[in-house]
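In structure tokens, one chain follows: the form predicted on its own.
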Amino acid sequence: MTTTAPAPEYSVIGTRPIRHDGLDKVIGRAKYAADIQMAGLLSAKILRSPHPHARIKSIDTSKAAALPGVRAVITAADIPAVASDRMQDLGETAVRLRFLSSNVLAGNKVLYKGQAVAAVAATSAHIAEEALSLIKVDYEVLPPALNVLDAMKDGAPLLHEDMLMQEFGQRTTKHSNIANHFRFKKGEPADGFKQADVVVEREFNTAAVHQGYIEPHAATANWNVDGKLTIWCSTQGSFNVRSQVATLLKIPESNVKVIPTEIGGGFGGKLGVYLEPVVALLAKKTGHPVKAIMSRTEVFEGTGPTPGSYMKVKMGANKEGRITAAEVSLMFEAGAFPGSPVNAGAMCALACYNLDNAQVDGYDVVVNKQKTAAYRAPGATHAAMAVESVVDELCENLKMDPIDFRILNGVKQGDRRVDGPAFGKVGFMEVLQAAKNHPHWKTPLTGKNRGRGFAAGFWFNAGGPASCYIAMNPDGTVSLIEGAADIGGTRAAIAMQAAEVLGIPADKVTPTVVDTDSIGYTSLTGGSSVAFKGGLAAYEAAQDLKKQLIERAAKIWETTADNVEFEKGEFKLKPSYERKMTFTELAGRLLTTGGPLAGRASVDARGVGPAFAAVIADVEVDPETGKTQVLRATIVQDAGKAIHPSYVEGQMQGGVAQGIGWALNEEYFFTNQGTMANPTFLDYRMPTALDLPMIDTVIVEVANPGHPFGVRGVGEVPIVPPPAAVANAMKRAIGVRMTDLPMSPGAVLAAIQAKGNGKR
């Protein structure tokens, strides 16, 4: 690891303490959603559609309900009717409430294979499974629309007969699978292309990819006789679950308590609800707590991957290397219901470049596949694959160094994105310079069928509401509670920011993620937001506590707070500083000098700092088999300020590892009948340690002025550049420009053979 930053200025921030929750997870004591047990617990199983597109003519549950051991059977008829156009926030996306309801349990149609149709609660999982086979559903099978280009055609089978296309912010009268078409524009691209000496135009396709979290979805609900509903689940946003369940079931949010368990990965895939409303309804109907756990196949077939896409990119540059114009079209598969991350993809597509003439069109298109979900910088990885590949081809044609080209065209403070916002203080130039100076870039790559690629990426990061409570303990430690699920070490990141303010070691702070009744509203863990917004809440709560401690010290010394100075965990009486008291000493005297103290804060974090990253990748391609091996990978990223460098490095390495999976192997492989053919980890090919090199990390720190410690976000952007960097490396290795993901051995071999036959 390399860090390009000034000398350390903090006592806690920038250090590498042991993770607070590490021990429980290592020894197996940590409780995950599937671990929940209680008296009278029933097991739930869900019946799923065998068809990608069909009308439900009738459902007969009578035989299932009569099976001994079955306590309840529910269908969509058990979910209250909802207003058709009311929108429901999912965190990183939003969806019409009726679509969310239909994705929980299908109503009059099923729109993808694996969509939930009915659910059973029984005294054992085996009985519930048997009961599913007794439910009789009469389907009228309809022709499906299975990819984005086919779905966009006039005359394509309509998933939603009543859905009217939105175009440029206005609802049209056209019935279409295109839910929305929007455009960002800056300048006049046509004029810019006239100034270009080189123009490159390419088309790209990407397959749907799963987030790959190891823990499957699981949820338990207990609906008490007093009307209070408690839900235990694996989620990235307990308050989001509370809101979605309460809205769907038409009950007050104050009657719903969501207890987040430890979470075995999410990456954006655990923002929406799938099981939670189902187990809640079954619990209400049976009077017993009910638990449901998805199988791995159910996770693949019944939850949301990232979208498949078709993209077109046209870019022009003059002979000096200046980009004169760019046009990007992104057609994203939303799955069965509108709401793909095409908006975010369009915002990020050209964000690395200062362009006078550019246009980005986005199309949100429904197809007969799983409703897509967020996945780490949703939409940005797709767009970067297309744009960064075309940028690389411009560099080839102009015979320019890929990093120098980006330094010439890259954004700086004050430059305006194509979608409107102007950049504040950003570190893209620093990232590019660090990559250029890295030994990986400077060391020649030798060997046959080997190539080196470079790509850059952007993610705007997120803020949002967060709450924090810090209570003093008599022994000088503090208890910190917060409401954001911890996926990648955010307990430590938040605790360390509080510790820095209080002048105590990180291990003197005990952070706990609590339920929705025990802390103020806190938005989801996603968008690279938690270390920023949660850290800001912890900072303010610690400042509140510090102020009270100073006042208490002043009371003990019979003076005013202005005469007490606090520095590095020690209170001093001004002006002589002869009287001193440590943080621990004061903590021990609180109960006898006025009572306990606690700091509180609720914030709506603004001042978000966007993030840039760049990846260098070396590959070797076997021309006999098409297999590609990544030999070396380096990621450079601006973290603003690395609170815990080890966890920042882990996020960076994890993003690159996942990006390599996108690039080379991972895909939802569908048959012509709309069935996913690889819905297990045996057949869905994720990279293992054998597929990956040691990934080098370079942390750049260009402080974000919108945060007291300079924090940006780190979790999203590292997945953005890797597929393009690998594709660019493969071009240099085999002389073929790969434009479709994944670049699997079969696809690479076909491209090599096509080149040999003069077809490429």
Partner chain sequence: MQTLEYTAPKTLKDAITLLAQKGDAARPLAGGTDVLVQLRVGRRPQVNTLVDLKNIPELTRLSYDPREGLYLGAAVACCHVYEDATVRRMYPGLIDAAELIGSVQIQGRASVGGNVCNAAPSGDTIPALIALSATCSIAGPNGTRSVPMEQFCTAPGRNLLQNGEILVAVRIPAPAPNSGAAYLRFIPRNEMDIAVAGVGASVVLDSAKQRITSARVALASVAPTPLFVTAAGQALAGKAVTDEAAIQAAADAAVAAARPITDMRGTIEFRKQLVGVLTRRTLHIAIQRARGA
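Residue numbers count along the first chain shown, from 1. Because the structure is predicted, anything quoted here is derived from the model rather than measured.
There is another form of the same protein, the form predicted in complex with its partner chain; it is not shown, and what comes next is about it.
K.L.:
Just to confirm the contact call: exactly one of 209 to 217, 640 to 648, 114 to 122, 671 to 679 touches its partner chain in the predicted bound form at a 4.5 Å heavy atom cutoff, so which is it?
P.N.:
Residues of 671 to 679 come within 4.5 Å of the partner.
K.L.:
Name the single residue among 593, 629, 473, 518 that comes within 4.5 Å of its partner chain in the predicted bound form, judging by heavy atoms.
P.N.:
Only one option qualifies, and that one is 629.
K.L.:
Name the single residue among 86, 412, 126, 228 that comes within 4.5 Å of its partner chain in the predicted bound form, judging by heavy atoms.
P.N.:
Only one listed residue qualifies here, and that residue is 126.
K.L.:
Is the gap between residue 544 and its partner chain in the predicted bound form 4.5 Å or less for some heavy atom pair?
P.N.:
Contact check for residue 544: no, nothing within 4.5 Å of its partner chain in the predicted bound form.
K.L.:
Taking heavy atoms and a 4.5 Å cut-off, does residue 736 contact its partner chain in the predicted bound form?
P.N.:
Outside the cut-off, so no.
K.L.:
With the cut-off set at 4.5 Å between non-hydrogen atoms, does residue 622 touch its partner chain in the predicted bound form?
P.N.:
Heavy-atom contact with its partner chain at 4.5 Å: present for residue 622.
K.L.:
Would you please decide whether residue 585 lies within 4.5 angstroms of its partner chain in the predicted bound form, comparing each non-hydrogen atom pair?
P.N.:
No - in the predicted bound form, heavy atoms of residue 585 and its partner chain never come within 4.5 Å of each other.
K.L.:
If you apply a 4.5 angstroms heavy atom cut-off, which residues in 735 to 756 are near its partner chain in the predicted bound form?
P.N.:
Stretch hits, in order: 745, 746, 749, 753.
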